[in-house]
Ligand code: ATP
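First, one chain by itself in C-alpha cells, the form predicted alone.
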C-alpha cells in the first residue's frame, strides 16, 4: 500500500487568488497528492506587516476559495499557533498530524531562490520532498544554481510528458515542475482593490465579495491621504 501524499502550500495569502488555486490543483493532479494543505502564515517572517489583513480574515478567504475542491484543504495550524510562521515549524506540525505520510513542500521558483535565508533550511530540505513550480518572470532552471552540489544531485526537472512514479521519491528530493502559471500577484490585486477595479479573473467571486464587504486594502489609501494631506 502506498504512503499517503500530503502537500504543504504555505503563504501569506493576502489575498489568496486564482494563481494559487490553479497551481495547487496542477501539482495535486501531477503528483497524485491525497491533499494539499493551504496554510496561511500568522506572521510571515519575510513580509512587511503594514498592508496584511488579519490572520482570521486571510484564513476565511482561503476557505471561500477552496470550497468544493476536495483535494485542496484549508489548514489553520499557523493561524492558531499565533507566532512567526517558519517553514521548519510548520513542517514539524504537519508531520505530527500525518506521521506516516510522504510530505511535499510546494512553492514557486521565486520563493525557492531565497531558500538559504530560511530558518534551518537544510533541515527542511532533508525532512520532506520539494515541488518547485513555474512562476512568471522566472526560469525554472534558475533553481538549479541555488544549492550546493549534494542537493543539486537530488534535483529532477520533470518534463510535462513524464509520469511521476513512486520510485522517483527514493532517488530525488527536489522536483522542478513546469505548470501553466497565471501571471497574477497579490500585490497587483491589492492595487486593483485600492483603485476600485474589478477582481474578476484574479480571485474567486466569493473572495472578491468578501474583500469588498470588508473594504480590505482600501482603508490604507484613505489613511495615507490623511497622513499626507492629499
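Residue numbers count along the first chain shown, from 1. None of these values were measured; they are calculated from a predicted model.
Just so you know, the form predicted in complex with the named molecule exists too; it's not on screen, but the next bit is about it.
- Heavy atoms within 4.5 Å of the named molecule in the predicted bound form are found in one stretch of 87-95, 67-75, 154-162, 100-108, which is 100-108.
- Residue contact check for residue 216: none of its heavy atoms lie within 4.5 Å of the named molecule in the predicted bound form.
- In the predicted bound form, residue 32 stays away from the named molecule, with no heavy atom inside 4.5 Å.
- By the criterion of a heavy atom within 4.5 Å, residue 23 is counted among the residues contacting the named molecule in the predicted bound form.
- Shown alone here, residue 190 lies within 4.5 Å of the named molecule in the predicted bound form, counting heavy atoms only.
- Residue-level contacts in the predicted bound form: of 27, 53, 199, 184, one residue has a heavy atom within 4.5 Å of the named molecule, and it is 184.
- Residues are counted as partner-facing when one of their heavy atoms sits within 4.5 Å of the named molecule in the predicted bound form; in 13-32 these are 13, 17, 19, 20, 23, in sequence order.
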